[in-house]
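Quick setup: one chain, the form predicted alone, written in structure tokens, and binding and motion questions come after.
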Amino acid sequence: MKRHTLTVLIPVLTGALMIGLWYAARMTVIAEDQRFLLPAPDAILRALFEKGPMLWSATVSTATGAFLGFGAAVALGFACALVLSLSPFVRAGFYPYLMVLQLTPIIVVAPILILWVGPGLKSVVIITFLICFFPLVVNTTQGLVSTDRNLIELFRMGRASRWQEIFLLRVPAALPYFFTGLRIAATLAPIGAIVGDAYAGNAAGGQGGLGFLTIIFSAQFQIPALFATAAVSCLLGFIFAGAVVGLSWLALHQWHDSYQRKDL
């Protein structure tokens, strides 16, 4: 059997096995009066269709916040990494404050953002940005300062300018690191948007996102709908991560070792 066929078939079989175990667990492990806490997959599927319009509207809202926050983090994170790579003194001066930004809990930041910019999309975008920014900066900076020293000396022997060294050597060499940070940020972006929507979102005009729906379904004890919301959130994360993986392949597959080696 071809390798590509196995690559598709194995996850499908694993998923079927997990669904079978799910049904078996409901019937054998969980008491009958507690089974509503773990709805059957078919009940979740029904809830997915019943709440379809609501879920679609919420997904669009969450995806918008995730995409805008993620895009801002990519642009500003790359620019910040370029600045940090210029000097170890610059890194020493700014890196602790980046750590402070990353370690500040979102539950503390959200009320401040609501006071500053108000609830809604702006706050969700900023929260998503804060969650995605740090891994992009750290990974890209590491790539920029890890360029092969021999290649740097070769550029300097050829009297390349500082900007030529950065954009013709260091940036291409840092692309694998950049895409590693991009993958991490892509998985965090939908999570950040959902968390931001739960803490600082605004449902006015029917614009509430998946985080808002999670709160509503939980309060109303709509367990199948809650699981359906989780499934949609997971799918959104897969879309973001898949897009970045595809972009990474387009940028690296013709020259980077991770794609050139066939034995991996």
Partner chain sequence: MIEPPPVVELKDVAKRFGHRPPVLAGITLSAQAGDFISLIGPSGCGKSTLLRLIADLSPVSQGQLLVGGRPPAQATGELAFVFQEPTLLPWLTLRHNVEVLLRLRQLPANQRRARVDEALSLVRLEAFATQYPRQLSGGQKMRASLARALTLEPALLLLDEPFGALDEMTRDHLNEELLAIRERQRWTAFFVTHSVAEAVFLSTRIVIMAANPGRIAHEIPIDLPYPRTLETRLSPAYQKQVANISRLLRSVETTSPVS
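The structure presented is a predicted model; accordingly, all values stated were derived computationally and were not measured. Numbering follows the first chain given and starts at 1.
Unshown form predicted together with the partner chain; subsequent notes refer to it.
Partner absent here, but in the model of the complex, which of 170-178, 114-122, 185-193, 69-77 has residues with a heavy atom within 4.5 Å of the partner chain? Careful reading of the contacts points to 170-178.
Is there any non-hydrogen atom of residue 164 lying within 4.5 Å of the partner chain in the model of the complex? Heavy-atom contact with the partner chain at 4.5 Å: present for residue 164.
Taking the partner chain as it sits in the model of the complex, is residue 155 near enough to touch it, meaning that at least one heavy atom pair lies within 4.5 angstroms? Although the partner chain is absent here, residue 155 would touch it in the model of the complex, with heavy atoms inside 4.5 Å.
Would you please decide whether residue 98 lies within 4.5 angstroms of the partner chain in the model of the complex, comparing each non-hydrogen atom pair? The answer is no: residue 98 has no heavy atom within 4.5 Å of the partner chain.
Does any heavy atom of residue 151 come within 4.5 Å of a heavy atom of the partner chain in the model of the complex? Yes, contact at 4.5 Å.
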